[in-house]
Structure formats: structure tokens, C-alpha cells
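Below sits a lone chain in C-alpha cells, taken as the form predicted on its own.
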Amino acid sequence: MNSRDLLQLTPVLPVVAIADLAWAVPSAKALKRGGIGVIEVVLRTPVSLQAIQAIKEQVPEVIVGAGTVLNEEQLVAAIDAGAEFIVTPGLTPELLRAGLNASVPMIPGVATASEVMVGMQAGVSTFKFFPAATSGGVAAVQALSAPFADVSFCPTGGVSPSNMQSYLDIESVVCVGGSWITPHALMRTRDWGAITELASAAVTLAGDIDLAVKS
């Protein structure tokens, strides 16, 4: 499965920070109950890799990836832990080489036309647009879509229920990413029911967009 096919499996990609290993499996199950079966666990905590492994082993119906991957060492560690895809906040020559040789899809982060061009020259056609809000938001994605007709984006960073449909309306956007579905307050109190409700609401909101047309 390539990066675009993977992202087309969900209109919203939750960006999940797991500070307590005990949150990993329940949060993945909660998201799945809400209709989201692809999640990005960010490598921002000491237990991130263990969380990926736990979800991979105990919630096989969920596709789990690793986000905030900054270098080849982290990429290899994430794949060894069971990550089924890799997401990076930016694009470097080192990560491009590692991603092209990896056994799972990689979605590199870009914020400029030059970065998109570097990725395209390496054979990449699906990118994370990050940080979306501070890099121009919807207008920036629309502008980048014009010269790069064959490129797909997953905007992340400042995406919320109030603007996600504006992003999803763009032909080149296959899904959006965000952390609002798994906020730290709900994770800390283990309110898995509330997380399921947020996931379900996001899927319902995105349901007005016929994503199949973009395939």
C-alpha cells in the first residue's frame, strides 16, 4: 500500500501523543469505535515506541504509524516497533533516502514549493503539509496544488472541526491530521468514551465530502 492509498482509508488522521503506556491500547480501541482505523503515534514521549508495539499487537484492526520521525535512527526504531507507516515534520536528504528504502510508506512534511519539488524528484507524491495554519492554511494548499497537479497533501497543524472541511474540499487533500480528537486532558483522565465521540463527530463532519471522487 502506498502513502496515498493509506491516507484515503481515513478522512482524519489522529495525531496521538501517548505519555502513559496504559493509554495506548484503550485510545486505539476508542478511535476505532468512533470510525477511525488509522492513527499516528508521535515520537514525543519515552513510551511512544512501546505504545506503537502494543497497538500493533493488541489492536490489529487499527493501522498504526509513527509521527515526528526526525532521522533515520528513529525511522528504523519505529518500524522495528511495528509502525506501518512513517510521518515526518520536515524533509531532509537523510530521511528521504531512508524513507525510499523503508519497508513501509513514508509521508514527509513540507511547507514550501521547493520542498515539494525536492520530494517529487525523489519519487514522492504524497506529503504532510505542516504546520498548516502558520504556513498559509487553506490558501497555501490551494496555491501549491496548482503547479503540482499530481501531488496529494495531508494538512496538519492548526486543523480543527471548524476548518477541516475547507481543507477536505481541496482536490489534492486526501485527509487532514490533528490532535483535537485525542486531547491530553481526555487521555490523562482516560475518558475513552469522549474520545470515541470526538472521532465519530470528525468522521461524520467529513462525511459530507465525497473522498472517493479524489481517488
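None of the values given here were measured: they were computed from a predicted structure. Residue numbers here begin at 1 and follow the sequence given.
Omitted from view is the form predicted in complex with a small molecule, to which the following refers.
Of the stretches 30 to 38, 149 to 157, 183 to 191, 50 to 58, only 149 to 157 has residues with a heavy atom within 4.5 Å of the small molecule in the predicted bound form. Although the partner is absent here, Ser179 lies within 4.5 Å of the small molecule in the predicted bound form, judged by heavy atoms.
The closest heavy atom approach of Val15 to the small molecule in the predicted bound form falls within 4.5 Å.
At the 4.5 Å threshold, heavy atoms of Phe127 stay clear of the small molecule in the predicted bound form, well away from it.
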